[in-house]
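A single chain, nothing else alongside it, follows as structure tokens in the form predicted on its own.
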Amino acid sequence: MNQFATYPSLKNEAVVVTGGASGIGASIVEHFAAQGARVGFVDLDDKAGSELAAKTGARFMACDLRDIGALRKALAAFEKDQGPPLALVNNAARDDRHAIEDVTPEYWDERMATNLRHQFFAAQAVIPTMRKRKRGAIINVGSISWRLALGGMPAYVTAKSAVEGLTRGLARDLGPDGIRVNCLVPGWIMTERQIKLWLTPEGEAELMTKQCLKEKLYPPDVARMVLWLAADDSRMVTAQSFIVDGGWA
């Protein structure tokens, strides 16, 4: 049986996760809670979020992250209730497929709001307290999709490529304040959504020919890297992108 790390620097610290009700986000919430962190998370899925909160003891607030005002209120409520955040994990996203010819200006803007814009404004909301503490970690979740030149979702890959640029720019601006900013880049992670919508026997077989490690990846494989990036163990790591894809890219 595998034994995984415990991070004393995370215990009793406040952590905020976006898109935390299901998939990778839910695993991140569970892993932080298991470390003894005080976890708050937001998600559009009220039912799944409430169930996870009851299971883990984390605090949940239903929130549409496209509504920046609502996001700011949720983050302020978490800070008031749980204390100044040590870490923010910008996880929320949706990889809906779309054809080039079907994209309207309105759809494009909605995809940017869903997959990119909230990451900046969530960071903006937690930065003042992190600056006061001279300590903090912001982990932005990107995607391997644009690095692999995957098609069928041009707005999504555009947004996810921009996450890495945002990460490096924030890391430069916030480094003097002791705030670290990194990007976590997942490969094809076998969430319930991915298995239901996209995974086929043919797709799995092709994936196994391309990954160096011949196993499927699951949400805990990403969550454990997030823990390390939030903990003091990575205290001098910033402006970097960490790919967790089994050696696919």
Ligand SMILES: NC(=O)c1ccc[n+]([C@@H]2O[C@H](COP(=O)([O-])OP(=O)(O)OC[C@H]3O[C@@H](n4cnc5c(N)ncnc54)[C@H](O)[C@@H]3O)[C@@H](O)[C@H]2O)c1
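Note that the coordinates shown come from a computational prediction; the quantities given were computed from them, not determined experimentally. For every residue, the number given is its place in the sequence shown, counted from 1.
Just so you know, the form predicted together with the ligand exists too; it's not on screen, but the next bit is about it.
Taking non-hydrogen atoms only, residue 40 never approaches the ligand to within 4.5 angstroms in the predicted complex. For residue 21, a non-hydrogen atom is located within 4.5 Å of the ligand in the predicted complex, even though that partner is not displayed. Mapping the unseen interface onto this chain, residue 194 counts among the residues with a heavy atom inside 4.5 Å of the ligand in the predicted complex. Within 4.5 Å of any heavy atom of the ligand in the predicted complex lies no heavy atom of residue 136. Screening 205 to 213, 183 to 191, 31 to 39, 50 to 58 for residues having heavy atoms within 4.5 Å of the ligand in the predicted complex returns a single hit, 183 to 191. Contact with the ligand in the predicted complex, defined as a heavy atom within 4.5 Å, is made by none of 9, 85 and 127. This chain appears without its partner; in the predicted complex, the one residue of 92, 75, 170, 179 with a heavy atom within 4.5 Å of the ligand is 92. Residue 114 is the sole member of 100 to 115 found to place a heavy atom within 4.5 Å of the ligand in the predicted complex.
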